[in-house]
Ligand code: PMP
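First comes one chain, alone, set out as structure tokens in the form predicted on its own.
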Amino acid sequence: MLQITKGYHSITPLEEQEMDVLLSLVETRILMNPVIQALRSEGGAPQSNYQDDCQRAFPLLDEVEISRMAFVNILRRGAALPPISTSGPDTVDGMLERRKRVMGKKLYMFYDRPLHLVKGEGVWLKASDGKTYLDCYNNVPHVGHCHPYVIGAIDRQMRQLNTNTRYLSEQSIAYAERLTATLDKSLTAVIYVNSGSEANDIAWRMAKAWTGHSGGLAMDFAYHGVTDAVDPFSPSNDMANWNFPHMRVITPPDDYRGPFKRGDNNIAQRYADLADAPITDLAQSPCGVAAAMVDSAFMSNGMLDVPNGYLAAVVGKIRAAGGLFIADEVQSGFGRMGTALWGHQHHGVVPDFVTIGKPAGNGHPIGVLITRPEILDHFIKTAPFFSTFGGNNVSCAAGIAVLDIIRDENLVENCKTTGAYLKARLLELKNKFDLIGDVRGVGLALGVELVRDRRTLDPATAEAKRLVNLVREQGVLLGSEGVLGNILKIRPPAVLQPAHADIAVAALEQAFLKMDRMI
């Protein structure tokens, strides 16, 4: 059966749904054979040994040593499909124990009771217990979980060719052309890697090479990745032990909790001026200023309502000190903020580097750095830069497909309109529940800050954690964010619709009501 299935599959590929019924079809055919032989016999046709073969074969399917599931997995092997577990579905507790044995005992997972997700489609995720959840957290599947257009692009390219950029590749060139066409005309040089962390890493290396300096600036409690070079730009990774002589942090423009409040006069410039001290201190150190790295959505700071002109003023100060600006678009890019395709465009800034990752391939690993050609040329004067998997045909095909969907499904506008609708609905909740201190953000990058007292701004950190779990019980997935851990993070796929927003708000309302009863 293995060889028969492999042979059939090599000519006409078998699909997953066909494999689900193949054993039943085999059994039906075996049962039909004796009936067919009996009819033939009545008509005077000669007998064959098929009947005896079938009578011997059918009971074997029920025997322990040739179990039904084992037989199905033989057929699946022939169709190049992964096996189905013969031990039955594992419990969440069982999976947690297995994970601890092979992935470390310290769990870094969402929710008090971890979710075992088994399927995704659009804005929906399905768990192993059959329950469906509205995904209002994951930005990686930017155009929706398992988008068929992206899947088709990956499948077609994988069946044709997947190699590296040391060969000429239509996909890598075309994707680079598509990306640079969306950016300022000065940004035309593309480097491919495999993740946002790697893109930020190589941007930092290029900035040091170009400026001759080695000092960096980041927002306080920022996150930019996991590599050794980028970890210093990510104070949120380990606030208690963050201490790097070559780094300085800038006070984020938090107009709710920060020193200058929403509505104050000249607030953008006043927050920008707070960057003067760390920039000057770094510039006067032996390191000098090489670059500043900023996430345009200020996501780890709680999706701030950044005053108009703030980022442009800060970037001006950085450049005056001899540094470059790295726009980390991993979370803010591809239209999430609703006003432009890229977050730095929302702020009216032209960066020296643009870095992208997570959403670029809708879950397929890809990272890209785009910079000025003279910066790239200077960097590779002494040695070329190459990433084996960076810019491979399949990843670039996925990236092109994502750009097609954003264009064809008008997702930048959807982030704007659905995001505005969702924010308005969240503000309605604020009028109902005193626990909500602030609702902020733009597009589909929204934050809800929880406080125990709106006057003192006492952070409701424990309540935020509890609320995220309660909303999960209502079938909606959210996260938490911020240095105090008291901000609900709403960052859904860009295909979220107003009807989905209503579902999310209804779930939040029920969770808040339950919180009130618990208090």
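Numbers follow the displayed sequence, beginning with 1. These numbers were taken from a predicted model, which means no experiment stands behind them.
The discussion below concerns the form predicted in complex with this ligand, not included here.
K.L.:
Should H347 be classed as touching this ligand in the model of the complex when contacts are defined as heavy atoms within 4.5 Å?
P.N.:
Outside the cut-off, so no.
K.L.:
Verify the contact flag for G196: yes if a non-hydrogen atom of it lies within 4.5 Å of a non-hydrogen atom of this ligand in the model of the complex, no if not.
P.N.:
Contact check for G196: yes, within 4.5 Å of this ligand in the model of the complex.
K.L.:
May I ask you to state whether A360 is within 4.5 Å of this ligand in the model of the complex, using heavy atom distances?
P.N.:
Flag for A360 set to no.
K.L.:
Indicate whether D295 is a 4.5 Å heavy atom neighbour of this ligand in the model of the complex.
P.N.:
Contact with this ligand, yes.
K.L.:
Within 4.5 Å of this ligand in the model of the complex, counting heavy atoms only, one of 218-226, 315-323, 252-260, 335-343 shows up; tell me which.
P.N.:
After filtering at 4.5 Å, what remains is 218-226.
K.L.:
Taking this ligand in the model of the complex as the reference, which of C396, V330, V402, L444 has a non-hydrogen atom within 4.5 Å?
P.N.:
By the 4.5 Å criterion, the partner-contacting residue is V330.
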